[in-house]
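Here you'll find one protein chain in two forms, each presented separately as structure tokens under the names structure 1 and structure 2.
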Structure 1
Amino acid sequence: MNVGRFMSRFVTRYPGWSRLAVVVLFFALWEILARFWIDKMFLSPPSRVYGEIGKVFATKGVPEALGVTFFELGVAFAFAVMIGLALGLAIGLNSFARRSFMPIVLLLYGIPQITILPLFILYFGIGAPSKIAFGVTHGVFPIVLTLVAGVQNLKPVLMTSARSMGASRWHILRYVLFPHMVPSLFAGMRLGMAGVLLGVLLAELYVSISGIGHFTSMFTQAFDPTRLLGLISILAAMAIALNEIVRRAEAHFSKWRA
């Protein structure tokens, strides 16, 4: 009968299941393609990637490289948040600073940072510091920008009313500015996390003689798509998990907005 209408009713009632169906369909298609059409030197079916994920971990050095990457992401994110928070508040709370420094922040933000990645390696070496630094420079800017925008849209009447009730400077900072900033801080952290992921992973992939980059180029040169996909999937899962943590935290602390 009317298939379209049936589908749309199903989808409206069970959006989660429909999404799952699409995902399953995607993997099924991939499975079929990889099994029957595409050379197994280039692509592995998802069943195989999943089945042999243990082999990735068994590869000498991979668990360590994954651990180091996770550590780099954590440290870079912490630095990006601290620096971003300090800069964002310093620039956002002072209209003079905002007028003088915002254009510079925007200018720096517009630079394609990937062009200076070789410099980071030159300055900080091929170890964790260069990757952390590159993650920080990618993560800081979105945090600063959202914070500055967030400070500015505080309704003046909230300040005035706090003042009229006798709030001290500390009170205003603690009970007015801070809670007002929380949602934009979390929004900034979400964007900052995306930046940190990009920066750290770019640097990891760039350095091909150690860390993740070593193994991706090794698996590529060995035409081993199973292990390559396994490693990429683990990293993607890591990225999704980190994003999700920040997103949950944001939702939790912005409840009053509903």
Structure 2
Amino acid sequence: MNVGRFMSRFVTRYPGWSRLAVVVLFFALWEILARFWIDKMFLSPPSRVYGEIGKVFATKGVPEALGVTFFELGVAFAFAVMIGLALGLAIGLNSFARRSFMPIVLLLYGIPQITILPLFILYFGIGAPSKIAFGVTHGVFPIVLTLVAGVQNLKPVLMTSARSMGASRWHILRYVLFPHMVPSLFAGMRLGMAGVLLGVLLAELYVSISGIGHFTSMFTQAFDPTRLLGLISILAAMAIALNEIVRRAEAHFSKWRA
């Protein structure tokens, strides 16, 4: 019990050190398992992975593939945010649209999207447009759902008060609706970003000769866990950087909440 209380107090007072301890423990377990229990053909220790990460960049085509994937990810995420924002506001602010289209959105979101990947290849080809479109379909639904939920939590009295004081639609959107839905919007953007990354990589994995997904498949088939894990680490760093950008944007637009 005393140990539990100590850990609870430590986590509450020093969250940064707690996160660091979890990360260190994870890498220590990974190092031990990879060195002493698991075959080197299937798992490399982190000391080797990060010591040879330069070989990943030295692999022919990998730097270009990183650029292609980052471009596809950025474009798909931008489209997902724009479409999700428009649909979320249109459905959330109108009761008729909510009753009519929300069940359809939920139905489409429940479809395993990997099953319709051939349709994207048929319509958009095997180039970047198919990866971008497939990434958009993975990222737009979380944004729509969280926005609709956020708009629904807005107290009607705030909208009524703004209209009674002569606020225009733009003023209501800018000063009443947008500040209230900031947490929902950015929560949806974080979920949407993960979905976009998943969609783009899945499309590259199955129907591409360029991009990170292609090299992930190639390293897996070659039983090269060192370069595979190095590539995954680069992707993780990319995702963390994008998530930090979204977090800072959320902090900027949420200053008034403090």
Partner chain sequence: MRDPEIAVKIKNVAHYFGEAGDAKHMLALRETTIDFRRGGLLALIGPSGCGKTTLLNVIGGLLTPTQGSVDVCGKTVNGPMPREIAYVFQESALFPWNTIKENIHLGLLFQGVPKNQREDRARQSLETVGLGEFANHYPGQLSGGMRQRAALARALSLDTPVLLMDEPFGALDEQTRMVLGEDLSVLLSRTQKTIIFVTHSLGEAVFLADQVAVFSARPGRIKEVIAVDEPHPRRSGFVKAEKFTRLRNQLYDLLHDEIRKTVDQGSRPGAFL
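Being a predicted model, the structure only gives us computed values, none of them experimental. Each form is matched to the other, and the largest set of C-alpha atoms that superpose within 1.5 Å is called the rigid core. By convention here, residues take numbers in order along the sequence of structure 1, the first being 1.
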Between structure 1 and structure 2, the form predicted alone: 2
Yes/no, residue 54 Cα shift of 2 Å or more between structure 1 and structure 2 with rigid core fixed: yes
Core-aligned C-alpha movement of residue 35 between structure 1 and structure 2 reaching 2 Å: yes
Residue 231 C-alpha relocation of at least 2 Å between structure 1 and structure 2, rigid core basis: yes
Backbone CA shift between structure 1 and structure 2, residue 45, after core fitting (angstrom): 4.1
